[in-house]
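Just one chain follows, in the form predicted on its own, and it is written as structure tokens.
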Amino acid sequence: MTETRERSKEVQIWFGPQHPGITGNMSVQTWLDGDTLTRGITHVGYLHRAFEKLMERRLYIQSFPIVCRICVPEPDTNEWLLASALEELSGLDREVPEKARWIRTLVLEMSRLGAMLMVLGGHAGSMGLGPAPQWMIALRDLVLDRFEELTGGRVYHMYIVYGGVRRDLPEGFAERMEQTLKTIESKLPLIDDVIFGSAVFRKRAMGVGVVPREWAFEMGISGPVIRAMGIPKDVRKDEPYEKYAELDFDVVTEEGSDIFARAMVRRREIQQSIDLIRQILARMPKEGPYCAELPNMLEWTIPVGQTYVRAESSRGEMGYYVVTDGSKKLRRVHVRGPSYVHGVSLLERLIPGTNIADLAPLMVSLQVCPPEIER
């Protein structure tokens, strides 16, 4: 009877998907006692789903337009993972040209930069600091201008393909990319003042949404969430791929493991990506092929095998487990992204005891792509 009376005091509220603090089309079913959340269940909706099964029914080349949708703000990591896995299983990885590897690394860092700009703006927007997300989206659009010039698409690129990339860098691309980076850098001090210099942001972010350090490896936490605990975990350093082993950078970490620390990691990684893009462009080969000679993509078969490849997305570690059976189609694909851990397991564990006003900033700080859960 006592438990029944306690339950009757709770109010159920659906948080999202229309709420601006929601990441993507997901929503959270919450229960409140006053303004304190007692529990919550993540619901990721029905947009962009079932990628793994769709890929098992298509030729290898037909999978590229599919994987881009797994995380719309940062599609290129998925392109690279699929290409890398099938190159390894087919032996094509030994034929990827040097220039293609540098261009791929460039694209991956451009993708990280655009995603980080968007999510840092989301940090501010979730707390009502309206101008900052508008500015950050405008800066992200400058990065998308370069993607459109390079790939023909602003959001979905389908640019990293088996054996390399679809086309070479356009003439003058490096100079225009440098101008974009300078424009972004010129606005960052203003962003710092509005976000990190804001008493509202500091009060609502510091000490809020703290993730205990002992959960890090128990739950498989990665990306800015684990680096905000002071743990220097980054696939680009731990298991370098493409040209990351030849670049000069350190893993960004912060202490506190709260919303503020996660936002600060992302702010510092924006500058890191800018620096890495400059290093890549400075070392980009002037000549040489940008793609290996490919077989007929409509008849391409890959020997029986299996592999697991991983990469560091802006959200954390992403991995593809791929199985081939000697046919023209994938036998099995499993996508392991950070969004399931961060947006379901971790979020639902953090919700009890959280004030309802802090739920939106908490969700943004965990940086979730819902289709990555519904893959």
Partner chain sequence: MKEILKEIEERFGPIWERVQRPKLAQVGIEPAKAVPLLTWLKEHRGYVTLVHLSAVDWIEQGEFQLTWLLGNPETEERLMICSRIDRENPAAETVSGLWPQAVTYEQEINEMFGVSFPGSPRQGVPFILEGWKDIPPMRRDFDTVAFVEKHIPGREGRKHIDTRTYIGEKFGEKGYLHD
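Please read all numbers here as calculations on a predicted model, not as lab measurements. Numbering follows the first chain given and starts at 1.
This next part talks about the form predicted together with the partner chain, which is not shown.
Residue contact check for Phe249: none of its heavy atoms lie within 4.5 Å of the partner chain in the predicted complex.
Among residues of the shown chain, Leu281 is not one whose heavy atoms approach the partner chain to within 4.5 Å in the predicted complex. By the criterion of a heavy atom within 4.5 Å, Glu88 is counted among the residues contacting the partner chain in the predicted complex. Within this chain, Asp275 is remote from the site of the partner chain in the predicted complex, having no heavy atom within 4.5 Å. Among Glu255, Glu178, Glu185, Asp238, the residue placing a heavy atom within 4.5 Å of the partner chain in the predicted complex is Asp238. Note on the interface: of 115 to 123, 212 to 220, 267 to 275, 70 to 78, the segment with non-hydrogen atoms within 4.5 angstroms of the partner chain in the predicted complex is 212 to 220. Residues Leu330, Arg331, Arg332, His334, Val335, Arg336, Tyr340, Val341, Val344, Ser345, Glu348, Arg349 of 326 to 350 are found to place at least one heavy atom within 4.5 Å of the partner chain in the predicted complex.
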